[in-house]
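Read the single chain below, which is given as structure tokens and is the form predicted on its own.
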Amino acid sequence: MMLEGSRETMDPELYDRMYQDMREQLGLDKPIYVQYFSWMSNLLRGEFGVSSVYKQKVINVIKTPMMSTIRLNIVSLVIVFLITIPLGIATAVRKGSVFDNVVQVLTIIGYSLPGFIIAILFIFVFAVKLRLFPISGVSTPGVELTGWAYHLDRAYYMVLPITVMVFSSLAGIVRYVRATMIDTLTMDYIRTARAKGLREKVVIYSHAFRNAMIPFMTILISWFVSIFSGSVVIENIFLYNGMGRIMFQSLMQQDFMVVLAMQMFYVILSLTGYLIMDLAYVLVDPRVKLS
């Protein structure tokens, strides 16, 4: 039973009776702590409740947007790693060169621009002026595709949001990789490795980069969690049917069951990220032991 209408348009007694029945059905007549533990017990059983807006189970509401968000962020994550790590190492090795100065200027500009400004600029250039990519959406509307055509169509709509996310993330990661590598290259064991006559690539990648990975892993995991939360803005700008857009709409419509499920996803993501970080420390530096 759902309340339709308002107290002014319905019989007041009928409205109050339906209102109280609805409160009892939703458990809102119980104290806050009882509601919380009830929600937690349902959560442990895999029950996220029912959406008050979509009139269906929350798991069915968030399943498709969750996969879209994970796909969007994983692809952007891989691209950022493929660009930032080699670029950060190259700028650290060529510290003070023209190449390093140019990259530093570009990263400062990218670091100072908010993500939504970058998104608007990219939309104006690549979607409005050049007409290379669609402005919004997940797939071509009104077209039923299967197989490779389906995946290529979705990939085409992902290009512009992913480009914005990658561009927004490059500056901070490149500068951090550069800073950690510069600090590592000044260590005594690096000078010793060079004095032994080891090739420069061996010194950089086998000695310096591996030790620079230890502080880098901390910022890496923090950035991994933040990029998922940062995609909320990007998904709303591009009307991309992901978790960020669903969360924003649910907040505006006060669909709290969906919002709570979304928040739990980000909590689990954060905990998983820190677990991966601890395990990665052991792989990067065998001297680190987990007790």
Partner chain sequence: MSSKENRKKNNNGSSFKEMLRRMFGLGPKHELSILEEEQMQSPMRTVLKNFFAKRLAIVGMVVFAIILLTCFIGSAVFPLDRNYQDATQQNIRPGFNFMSVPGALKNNASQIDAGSTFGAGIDNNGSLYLWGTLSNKLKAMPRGMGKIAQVSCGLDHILVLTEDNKLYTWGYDRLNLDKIPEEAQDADIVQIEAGHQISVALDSEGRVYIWGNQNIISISPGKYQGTIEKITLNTTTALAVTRDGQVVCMTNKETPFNAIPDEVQGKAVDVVSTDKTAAAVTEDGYIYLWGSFPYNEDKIPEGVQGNVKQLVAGRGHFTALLKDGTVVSWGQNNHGQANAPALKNIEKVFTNYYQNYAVDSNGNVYTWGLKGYLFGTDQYGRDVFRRLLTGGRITLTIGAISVIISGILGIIIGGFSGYYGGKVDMILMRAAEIVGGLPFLPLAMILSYLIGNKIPETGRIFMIMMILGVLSWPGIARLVRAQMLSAREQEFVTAAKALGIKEVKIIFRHILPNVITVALVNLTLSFATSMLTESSLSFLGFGVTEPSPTWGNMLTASISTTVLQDYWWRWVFPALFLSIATICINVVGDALRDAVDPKAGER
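None of these values were measured; they are calculated from a predicted model. Numbering follows the first chain given and starts at 1.
As for the form predicted together with its partner chain, it is not shown, yet the points below apply to it.
Visitor: Residue-level contact is defined here as any heavy atom of the residue lying within 4.5 Å of its partner chain in the predicted complex; does I120 satisfy this criterion?
Guide: Yes - in the predicted complex, heavy atoms of I120 and its partner chain come within 4.5 Å of each other.
Visitor: Using the partner position in the predicted complex, report whether M67 sits within 4.5 Å of its partner chain, counting heavy atoms only.
Guide: Answer no; every heavy atom of M67 is more than 4.5 Å from its partner chain in the predicted complex.
Visitor: Give a yes/no on whether V259 approaches its partner chain to within 4.5 Å in the predicted complex, heavy atoms considered.
Guide: So V259 counts as contacting its partner chain.
Visitor: So in the predicted complex, does any heavy atom of D183 sit within 4.5 Å of its partner chain?
Guide: Flag for D183 set to yes.
Visitor: Exactly one residue in Y111, F99, Y150, F133 has a non-hydrogen atom within 4.5 Å of its partner chain in the predicted complex; which is it?
Guide: In short, Y111.
Visitor: Identify, from the list L28, M252, M40, V34, the residue with a heavy atom within 4.5 Å of its partner chain in the predicted complex.
Guide: None of the other options qualify; the answer is M252.
Visitor: Using a 4.5 Å heavy atom cut-off, which of 200-208, 138-146, 173-181, 152-160 contacts its partner chain in the predicted complex?
Guide: Within 4.5 Å of the partner lies stretch 173-181.
Visitor: Check for me: heavy atom within 4.5 Å of its partner chain in the predicted complex, for each of F124, M247 and V267, yes or no.
Guide: Result yes, every residue of the spot touches its partner chain.
Visitor: Within 4.5 Å of its partner chain in the predicted complex, which residues of 139-171 have a heavy atom? Give them in sequence order, or say none.
Guide: Sequence-ordered list is empty.
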